[in-house]
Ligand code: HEC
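Given as structure tokens, the chain that follows is alone and in the form predicted alone.
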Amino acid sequence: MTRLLRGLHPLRRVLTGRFVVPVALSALVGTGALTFVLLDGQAQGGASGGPGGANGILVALDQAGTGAPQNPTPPKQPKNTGTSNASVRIYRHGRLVAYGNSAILYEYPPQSYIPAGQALFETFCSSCHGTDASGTSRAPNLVGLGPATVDFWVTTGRMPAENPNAVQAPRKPAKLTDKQALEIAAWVNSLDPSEPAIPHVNLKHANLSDGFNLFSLNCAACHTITGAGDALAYGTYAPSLRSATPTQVAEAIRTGPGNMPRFTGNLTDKQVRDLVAYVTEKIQHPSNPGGFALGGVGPVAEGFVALLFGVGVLTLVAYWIGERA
């Protein structure tokens, strides 16, 4: 025991003796004021009809000497994964109007669309979602949704809903034009600006092979490998992808409508671009090297044809041979 106490003597001196001041000063220096400045330089618009040049933005954060910020900010999403943490951020009059990169540019609807959007919302949406878009017993709250969510539901004809009590809103011919959908999205977003904005996908350098691999891994389990869609559980289903536009496919990936998972933060914009290219090129325009697509619904139709024509014809041939014998 005496030897143990002697061994602890230097440690006791550090904690209580002459070493306490240097240790305290080192801790103070290590957790001192931290200031950094992030300068996002000028950027140019990257999509047809998109915004023009942009002014740089200066962001500064001062961290107090207590070792933690007074108002901690949430961690940023990985870069170029569908959020405004992107390589390109375009500002106009101090307001973020677009962000993205060479694969996808996300653009907010113009503020001039807001008055018309409010009028359209009151006419077609307020009976279910409420005049302030905060939701009712018939429909959910829309405040805080990004423009891409609203645009997807309106342009695919799922909203306005014919039957608000339906288990799943079906795709149908859109009741409103694309511009009217953007106007409604602009007004809803003005209540509580959020992400994602409307994606404009640049398919020029897409990799179809990577798109197929991503589709097989993330989408085929529900939509089937041919994109024809399939039944799920409790009256729900994964819809066909054969009539979706590139923007709608990207919106669905980034917002996760209905039962679909939301792929924001875990798929890069390049991966989404490759996925969109595969869906809109290979799934919507299949080559069908076998000659007949048979509806593109997979082995069920092919098995039916094999039984009807293959086994059926062989049965008739066998019967004919038996009759001649």
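Quick note: we count residues from 1 along the sequence shown, nothing fancier. Please read all numbers here as calculations on a predicted model, not as lab measurements.
Here the subject shifts to the form predicted in complex with this ligand, a form of this protein not shown in this document.
Colleague: Report the residue, out of V97, A206, V88, A161, that has at least one non-hydrogen atom within 4.5 angstroms of this ligand in the predicted bound form.
Modeller: Answer to the contact question: A161.
Colleague: Considering non-hydrogen atoms and a 4.5 Å limit, which listed residue (P193, P140, P115, P110) is close to this ligand in the predicted bound form?
Modeller: The option sitting close enough to the partner is P140.
Colleague: Which is the contacting stretch out of 100-108, 193-201, 77-85, 251-259, given heavy atoms within 4.5 Å of this ligand in the predicted bound form?
Modeller: Stretch with heavy atoms near the partner: 251-259.
Colleague: Is T177 one of the residues lying within 4.5 Å of this ligand in the predicted bound form, judged by heavy atom distances?
Modeller: Answer no; every heavy atom of T177 is more than 4.5 Å from this ligand in the predicted bound form.
Colleague: Test of understanding: in the predicted bound form, would S127 fall inside 4.5 Å of this ligand by heavy atoms?
Modeller: Residue-level check for S127: yes, a contact with this ligand.
Colleague: Do L182 and this ligand come within 4.5 Å of each other in the predicted bound form, heavy atoms counted?
Modeller: Answer no; every heavy atom of L182 is more than 4.5 Å from this ligand in the predicted bound form.
Colleague: Given that the partner is absent here, does L275 sit within 4.5 Å of this ligand in the predicted bound form, heavy atoms only?
Modeller: L275 belongs to the contact set for this ligand.
Colleague: Using a 4.5 Å heavy atom cutoff, which residues in 219-240 contact this ligand in the predicted bound form? It's fine if the answer is none.
Modeller: Heavy-atom contacts to this ligand in the predicted bound form: C219, C222, H223, L232, Y237, A238, P239, S240.
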